[in-house]
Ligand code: KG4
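As C-alpha cells, one chain now follows by itself in the form predicted alone.
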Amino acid sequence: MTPLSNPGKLWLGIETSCDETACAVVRGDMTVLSNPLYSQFQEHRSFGGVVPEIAARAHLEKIHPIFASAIKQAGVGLDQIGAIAFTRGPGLMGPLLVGASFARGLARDLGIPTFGVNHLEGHIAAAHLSTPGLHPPFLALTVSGGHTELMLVKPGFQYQLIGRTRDDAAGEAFDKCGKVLGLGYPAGPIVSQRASEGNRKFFKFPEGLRNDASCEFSFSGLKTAVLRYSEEHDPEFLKDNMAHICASLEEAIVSILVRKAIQALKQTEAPTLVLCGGVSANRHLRAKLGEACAKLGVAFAVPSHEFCTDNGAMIAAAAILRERAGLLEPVTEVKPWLPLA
C-alpha cells in the first residue's frame, strides 16, 4: 500500500477507455490544474459508432499532443509530476493498451509510480471534484454510453450493486434512437438539444421494467419502439415533429432513470445520490433527479459538466482518493471487463 496522500503532490491522469483521449494534471488536494481531451467524433462519424481499431489508432496519434497540452496548461514541469494514474478498464482493449503503455513508459522515464484505475470508479470520483465534502455511504447512478447502473458506495471503497441494465445502456439508447431518427452521430446530445424545444407528452414511448420491483433497467424495447415509430410515419411528419419526438424520447429515458433511482434510495436508505457518467450532463435528467431528491430529503451531487464525460481529471481523482485512504495498489494490467463490484 502507498502512504497517505500529499496534498501538494501532482498527479497525471490518463483516460483512453473508448473514444476520448484525455490527460489532466491534478493536485493532491483535488485542485484540477488542466484537463484537455480529444473526442474522436470525426473518426467514427461515417461508421455511426465507435470502431475499436480506429479508436486505438486515434489514441496513438493524439495522446502525446494531449499530454503536452495538459502539462503546458497546468504550467508545471515534468519533474514536478509525482505519480501517474491511467484507466485499466473497463473499456476497449486497444484504446486501454495505448493509455497503459504511454503511462508505463512515461513513469519509467520519470522514475515515478503509476497506478491502474477502474473507469467506473473514476466517474464516481468526478463528483468529489465538484463536491469536496462528499463522503460515503451514498448511492451512485452511473449513466453513460456503455454503462447504466446503481451502486451503493460504502466506506473503504466497498461497492454493492443495486441494479444495472439488462441490455443496452441509457447513453446507447439516446445515440441509437437518435440515429434511427436521422440525427447523425453522436446523436445523444442532438436529441437532448432538440428535446428542449418540444412537448414531452407528444408521444408515450415505453419505459422498460417500469413496474418491476427490481432496480434494474432495460432500453432495448425503447429502441425497437422508436424504430417502429419512424417506420410508421412519413419523413415529412418526422421532420416537422422532431423536437416533440426527441422530447418524448428523452422523457421516457429520464423518467425510468429517476423512477429506479428513487426505488434504490428507498431500498438502501442512502443519504445522498450521486449522478455521474457522460449522460449526467443531460440537463433534464439533472433537474428531475434534483427535484426527486429534494422531495425525499436526500442530498444530490453531480459533477460539473467538464467532469461528466470521460476525462483525465476523474482518473487522477480516483487514485488520489484511494491514496488518501491508504488503499492504492500499484496494479497496472489492463482488463477490458474489469468489474467495480
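Every value quoted in this text rests on a predicted model; they were computed, and no experiment measured them. For every residue, the number given is its place in the sequence shown, counted from 1.
The same protein also exists as the form predicted together with the named molecule; that form is not shown, yet it is the one meant from here on.
Among the residues Gly178, Gly116, Gly171, Gly163, the one placing a heavy atom within 4.5 Å of the named molecule in the predicted bound form is Gly171. Heavy atoms within 4.5 Å of the named molecule in the predicted bound form belong, among the stretches 186 to 194, 133 to 141, 76 to 84, 260 to 268, to residues of 186 to 194.
Among heavy atoms of Ile63, none comes within 4.5 Å of the named molecule in the predicted bound form. The named molecule in the predicted bound form is not approached by Pro303, whose heavy atoms all lie more than 4.5 angstroms from it. For the chain shown alone, Gly208 is not a contact residue for the named molecule in the predicted bound form, no non-hydrogen atom being within 4.5 angstroms. Among heavy atoms of Val279, some come within 4.5 Å of the named molecule in the predicted bound form.
If you take 114 to 148 and check each residue for a heavy atom within 4.5 Å of the named molecule in the predicted bound form, you get His119, His123, Ser144, Gly145, Gly146, in sequence order.
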